[in-house]
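Given next, in structure tokens, is a single chain: the form predicted alone.
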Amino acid sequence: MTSQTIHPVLGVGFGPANLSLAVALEERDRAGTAHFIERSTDFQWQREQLLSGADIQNNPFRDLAMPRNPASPYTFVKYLASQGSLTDYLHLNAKFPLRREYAGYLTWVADAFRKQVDYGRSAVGLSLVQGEDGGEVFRVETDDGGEYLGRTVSVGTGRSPRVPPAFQRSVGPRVFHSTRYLSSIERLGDRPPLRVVVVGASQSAIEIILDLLARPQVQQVVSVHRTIGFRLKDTSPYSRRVFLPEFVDYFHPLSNAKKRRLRDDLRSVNYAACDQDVIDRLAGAQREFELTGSERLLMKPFSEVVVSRSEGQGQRLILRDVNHLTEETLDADVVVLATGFRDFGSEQGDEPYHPLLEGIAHRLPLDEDGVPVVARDYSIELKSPADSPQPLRVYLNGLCEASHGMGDAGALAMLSVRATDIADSLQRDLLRDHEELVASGTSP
């Protein structure tokens, strides 16, 4: 399908980030200005990681709208009330809601915006074309040969999965990233025995290990990580200030070198660290296996995979101790990469910008590291020809950890405040465009 309508705001991806933006625009009576395309056939959030007992690790009241507008009809409290489950939830007295329940909340809100979303449309290219008024507009091409036009684009697709170098040629049905976990492991069926290697020491890694140990067809789980093991997440209210808008104000103006140093200092707030409850569950399971002489769970600390190659129906891995540099061989039927996501930057493993921006890369303003300059309002103002009347902007909605801090690393806590910043910026542009149309006599 091809849409020749030029949308004032065109959103690519309709996960929590752009969903929160849709809510913010509706509050400003601008709902009709935005249209979204989403590759999934319906709304979904972390469908591949809706594991038994997994929670969201976030205060549920820092939701899509409440920090900005407690009276919004799209708060988590309103969702619970609409389901008749508010009293039950409060009675549970849980610190955080289950991930499955929060997914239900997000889906409930997304249903209210269904008319603004074309599902089953995967964006494969972004470029600039000339609009009917002679000015440039964005064109988003989709995998079915369609195209969408927009004066502004909000990219809310999430960051690219990080795949370690040893696995980049091995990814497939038996070597996959955690973002494909449930569908991939269930596609293998009930054929025992399965030897599964989980690479990484994150919260998602430990949740996946616990899920695998609950599956009878899994004979053995091997946990591989570069450090001593699963470390406790820093949940101090002082450290967690990284998830406040004031921290973004502090962080954004810093030099790239200072940003990298500060992110390293605060890494345990969000990376390679886990909550106490899942650490206790895993340590208890490990002790149980040790007492019974079972090798169903093996830990490989201080280790990295340097080679991964296919051997029959499985994978042969070569592990290297990161300190002693000794090597060992490990055979597996399945490898799960709980290795996080790629940042924007010039460091090893980074990418300079989201792959979707490749078609407009020649117009991106770059900093000293060759990375696009992202403004405080999450926009990239494209370099424009001298005769261009107004600058074009791309908004990176939930992709800006390198420029805006850890709160932009998929944190639910920052959804509403980031959407507020973007909506306020869009509002100024939309008002300006309207005034220009009125002045030219072409306003409807």
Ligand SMILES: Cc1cc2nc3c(=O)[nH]c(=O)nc-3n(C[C@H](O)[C@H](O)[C@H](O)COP(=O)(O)OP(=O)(O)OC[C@H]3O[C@@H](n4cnc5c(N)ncnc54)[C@H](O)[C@@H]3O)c2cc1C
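Just count from 1 along the sequence shown to find any residue number. What you see is a predicted model, and the numbers here were worked out from it, not measured in a lab.
Heads up, the form predicted in complex with the ligand isn't pictured, but that's what we're talking about next.
Novice: Can you pick out, from R363, R195, H225, R121, the residue that has a heavy atom within 4.5 Å of the ligand in the predicted complex?
Specialist: Answer to the contact question: R121.
Novice: May I ask you to choose, among A375, L412, A402, L392, the residue with a heavy atom within 4.5 Å of the ligand in the predicted complex?
Specialist: Checking each option against the ligand in the predicted complex, the one that comes within 4.5 Å is L412.
Novice: If we define contact as a non-hydrogen atom of the residue within 4.5 angstroms of the partner, is Q57 a contact of the ligand in the predicted complex?
Specialist: Heavy-atom contact with the ligand at 4.5 Å: present for Q57.
Novice: Is there a heavy atom of R39 lying 4.5 Å or less from a heavy atom of the ligand in the predicted complex?
Specialist: R39: yes, in contact with the ligand in the predicted complex.
Novice: May I ask you to state whether S379 is within 4.5 Å of the ligand in the predicted complex, using heavy atom distances?
Specialist: No, S379 sits far enough from the ligand in the predicted complex that none of its heavy atoms falls within 4.5 Å.
Novice: Quick check on S184: any heavy atom within 4.5 Å of the ligand in the predicted complex?
Specialist: Residue-level check for S184: no, no contact with the ligand.
Novice: Based on heavy atom distances of at most 4.5 Å to the ligand in the predicted complex, which listed stretch, 154 to 162, 129 to 137, 168 to 176, 290 to 298, is the contact stretch?
Specialist: In short, 154 to 162.
Novice: Is any part of 326 to 363 within 4.5 angstroms of the ligand in the predicted complex by a non-hydrogen atom, and which residues would that be?
Specialist: Contacts from 326 to 363: just F341.
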